[in-house]
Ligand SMILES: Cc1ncc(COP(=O)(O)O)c(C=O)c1O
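To begin, one chain is listed below as structure tokens, in the form predicted on its own.
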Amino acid sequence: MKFELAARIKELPPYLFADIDKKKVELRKQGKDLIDLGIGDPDLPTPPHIVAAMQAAAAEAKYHRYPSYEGMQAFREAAVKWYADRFGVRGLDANKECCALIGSKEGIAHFPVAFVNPGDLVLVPDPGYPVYATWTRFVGGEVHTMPLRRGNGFLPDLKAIPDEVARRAKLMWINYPNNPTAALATRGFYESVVEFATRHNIIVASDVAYSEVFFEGEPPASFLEVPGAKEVGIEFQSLSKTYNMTGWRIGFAVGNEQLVSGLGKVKTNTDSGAFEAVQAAAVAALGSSQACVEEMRAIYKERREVLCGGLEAAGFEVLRPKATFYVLVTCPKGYTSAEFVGKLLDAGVVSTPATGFGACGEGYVRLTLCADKSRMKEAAERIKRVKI
């Protein structure tokens, strides 16, 4: 028998990271030593006290049954307290303005199901995390891209959005610290987003998965810190990058009660919630000393100096990140992003074409800091030897 995929699946471009994984497998079968700086998956282990909390919780029979859809009360309370301590965002209601997620990607994917009707228009950053656009299209929405240009600090120019587009827009995605550009948002930018969204009755969905990976200056802000933000927005937070818990699949959303409730309605009809032993470990992560996070930042900063310094010494233009564990490298003259990625693969370094995040990523490749210093040094040496 022959089975035909749904049109929404057939029309999808290949998922960027799945395609890279296939190429890596092929090269490794050929015996090639690869330094994998392609996917943002922390190589550092989850801190021991979080693992211990999970081990203890997993042994408790009360956590072996179906979890609550909205998340454990203790987890939601820990999340809103962490927001108050970290961002100064106080007054969030753990019962109505916070929802547990099976990783922030799950929540980001399901959010348009709750609020985007067929034909609705969604404002999506370009380059940007592919899930924003994919799930807009899955639910029949239309994507309008907001170009992120280096000359504008990789912030969307809200004034450049046509009036007719703004009138039709239902939802806007923003993501700072940004993947893949590593850009930071200013408070003034967030204020302008609140004003724009209020004027045009647009929902703002803010993805702050990398808020704790920063290296100097003021810690990145939350969109919800700005007056009026909670009236128009929801924010998606993840424990994946902050505590090296990518495989654990735990995150949360906070913000406007109606938006959190709408997302919750999708989840009650889709999944059965996050394993409560993982939520118990997340409570330990959020509620205990954050020294492990400071140590993580220090390690990434050292790696950044090794990789960026080595590439700069080799004559490449590097956009040194102030946050995230991503490094954008400008493609040499005459090379597209895809062509330069191919050159790096030939040299044994896995990178990601920024075009995988949108057409405006052309001219850049993205490297991660998710390998130890010795491999960072070796990667820079390999790239230095690439014949351009």
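The first residue of the sequence shown is number 1, and the count goes up from there. Since we're looking at a predicted model, the values are computed, not measured.
The same protein also exists as the form predicted together with the named molecule; that form is not shown, yet it is the one meant from here on.
Practice task
Identify whether the named molecule in the predicted complex is within 4.5 Å of every residue in the set Phe340, Thr352 and Thr368, based on non-hydrogen atoms.
Solution key: None of them does, since no heavy atom lies within 4.5 Å of the partner.
Practice task
Only one of Thr136, Ser238, Gln279, Thr181 comes within 4.5 Å of the named molecule in the predicted complex by heavy atoms, so just point that one out.
Solution key: Contact residue from the list: Ser238.
Exercise for the section: Tell me, out of Tyr83, Phe223, Tyr132, Tyr243, which residue has a non-hydrogen atom within 4.5 angstroms of the named molecule in the predicted complex. Expected result: Looking at the other structure, the residue within range turns out to be Tyr132.
Problem - Candidate stretches 183-191, 154-162, 102-110, 261-269, one within 4.5 Å of the named molecule in the predicted complex by heavy atom - result: Among the candidates, contact is made by 102-110.
Practice task
Determine whether any heavy atom of Val254 comes within 4.5 Å of a heavy atom of the named molecule in the predicted complex, and answer yes or no.
Solution key: Val254 lies outside the contact set for the named molecule.
Practice task
State yes or no: in the predicted complex, is some non-hydrogen atom of Ile234 no more than 4.5 angstroms from a non-hydrogen atom of the named molecule?
Solution key: Taking the distances in the predicted complex, the answer for Ile234 is no, it never comes within 4.5 Å of the named molecule.
Handout entry: Ala205: touches the named molecule in the predicted complex, heavy atom cutoff 4.5 angstroms
Key = Answer no; every heavy atom of Ala205 is more than 4.5 Å from the named molecule in the predicted complex.
Practice task
Look up in the predicted complex whether Tyr210 has a non-hydrogen atom within 4.5 angstroms of the named molecule, and give yes or no.
Solution key: It does: once the named molecule is placed as it appears in the predicted complex, Tyr210 has a heavy atom within 4.5 Å of it.
Exercise for the section: Within 4.5 Å of the named molecule in the predicted complex, which residues of 243-282 have a heavy atom? Give them in sequence order, or say none. Expected result: The stretch 243-282, when checked against the named molecule in the predicted complex, contributes only Arg249 at the 4.5 Å heavy-atom cut-off.
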